[in-house]
Structure formats: structure tokens, C-alpha cells
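We begin with a single chain expressed as C-alpha cells, specifically the form predicted on its own.
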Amino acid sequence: MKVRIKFSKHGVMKFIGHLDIMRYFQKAIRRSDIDIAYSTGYSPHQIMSFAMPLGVGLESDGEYFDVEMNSMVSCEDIQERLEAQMVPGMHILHVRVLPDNVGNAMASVAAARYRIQFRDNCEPCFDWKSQLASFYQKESILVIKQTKKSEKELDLKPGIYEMYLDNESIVLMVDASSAGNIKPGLVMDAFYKENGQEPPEFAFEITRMETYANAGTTEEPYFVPLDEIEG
């Protein structure tokens, strides 16, 4: 059976990269004595799939990974066993058994929501609160995106699903699929340039609030958190 696990990542753990987080959970699962399934062959490994990498320096309230189980007592039992192995900054939030016809976490990702806050003394010089709505309402938001071999012009607007002010933060929901995958920093760079400025280095504190699957269609998307998707 396939189980989806939701966890949060905060504090100093935000400086731990994706590959090390994968190894961290592999060890936590072994210490928890969870009956996880292993691949066959000369070098068996735990059958595990993470939804999407989180950039170094970002915190998150909604990360996911799937594991294949040979047997289990309950979702609550898995959550308690894993939570007992967590270090400060890491918490197991939810565990659920997935329907057989639900795709793996990585393939299911369609969108992500972020909270963006300015670090001390890094707020823009322009009136960013009053300019935010007009920026989001633009018909197109063109940027130059660097690739490994070249650069290309990209319109971010179709992949920005929400952008609004929440107290002193910017909430941003963007395309996070393998075909789109818009980074919040790229949107903020465009916002600054629209107002004639460049953002200072390390100006933002970014938290991924949630990761979503599309339970609708391409033409009419309906986004649900990865732990709420049904078969």
C-alpha cells in the first residue's frame, strides 16, 4: 500500500538541501521500525518519492513524500513513530493511505502557495503595497529566464494563480508543475523591475505554505492539497 506523509520544515533545517533531507527520512524510517517496502536487486532501497525539492533557505508548512508499505497498524501509528525521530524544526503533520489509482507525489504536483516577507531593512523603496494589485492585474509579465545553455523570454502571468497582500506579507500561488515550475523569487524580481529597482540579495524570507494537485482540468483547474486528493 502507498502512504503519503506531510511534514513541515523550519528553523535551521531550512539550510539542509533536498538530497540530505531524503537521507534524513531514510534513517528516520529505519529508526522508527516502520515496515517500509524495499526495491529488489543487488542494491535494495526504500521505495520513496518526494513531491518536489524545496530550495535551500526556504521554510515550508506543506512538504510531502510517498512510501510503499508492506504492513502498518494505522496512519496515527506511523505519524507518532516518525515524529519521535524528528529534530527541532521538522514535524510530521499528516499521514494517509492513498487510493490505488492516485499518482505518486512528484507527478501530482501542479501548484504551490508561498508566503513572502521582507527581511529587516530590505523593504522596497517604492510603495509596494499599493503597486501589488496592479502588477498582478497586468496582461503579461515578461522576464528573461536563464537556462544552462541560453536565455529565453517567458511570460509569467499564465502561471501566477494568486498574488495578494496579507498584512505585511505577499501570498503567491504559482504553477509548480514540471512543465511550468515558476519560482517565487523570479516573480519578485519582475515585481521590483516593474518599479525600476533590483531586489537586494537575500531580501526575502520565503515559506512554502502548501503544495497542490490539480483535481480539475487544464482549462478549469481545481487545486487541492496533495494529502486531500482522491482517486
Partner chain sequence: MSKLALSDEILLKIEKPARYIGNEVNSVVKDLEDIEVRFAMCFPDVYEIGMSHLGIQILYDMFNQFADVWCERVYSPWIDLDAIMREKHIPLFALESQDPIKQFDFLGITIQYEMCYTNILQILDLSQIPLIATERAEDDPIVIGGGPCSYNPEPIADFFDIFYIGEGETSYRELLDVYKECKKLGKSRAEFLQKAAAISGMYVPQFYDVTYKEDGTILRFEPNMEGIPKTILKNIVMDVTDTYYPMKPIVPYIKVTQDRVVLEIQRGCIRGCRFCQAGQLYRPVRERDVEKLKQYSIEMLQNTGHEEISLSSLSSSDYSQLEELVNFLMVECEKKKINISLPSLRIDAFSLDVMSKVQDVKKSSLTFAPEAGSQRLRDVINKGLTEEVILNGAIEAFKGGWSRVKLYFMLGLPTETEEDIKGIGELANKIAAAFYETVPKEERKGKVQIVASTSFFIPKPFTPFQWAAMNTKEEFLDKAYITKNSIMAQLNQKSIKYNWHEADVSVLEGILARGDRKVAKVIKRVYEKGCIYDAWGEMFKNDIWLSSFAECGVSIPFYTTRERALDEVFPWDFIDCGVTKDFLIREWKNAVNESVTPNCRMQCQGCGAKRFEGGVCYEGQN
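Numbering follows the first chain given and starts at 1. Keep in mind it's a predicted model, so treat the numbers as computed, not measured.
Missing here is the form predicted in complex with its partner chain; even so, the following discussion is about that form.
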Counting only non-hydrogen atoms, the one stretch of 190-198, 161-169, 174-182, 56-64 within 4.5 angstroms of its partner chain in the model of the complex is 56-64
From Leu142, Val73, Ala133, Val87: within 4.5 Å of its partner chain in the model of the complex by heavy atoms is Val87
Lys129 within 4.5 Å of its partner chain in the model of the complex, heavy atoms: no
Taking heavy atoms and a 4.5 Å cut-off, does Phe15 contact its partner chain in the model of the complex? yes
So in the model of the complex, does any heavy atom of Gly216 sit within 4.5 Å of its partner chain? no
4.5 angstroms heavy atom contact with its partner chain in the model of the complex for Arg119: yes
Quick one: name the residues from 27-49 with any non-hydrogen atom within 4.5 angstroms of its partner chain in the model of the complex. Lys27, Arg30, Arg31, Asp33, Tyr38, Tyr42, Pro44
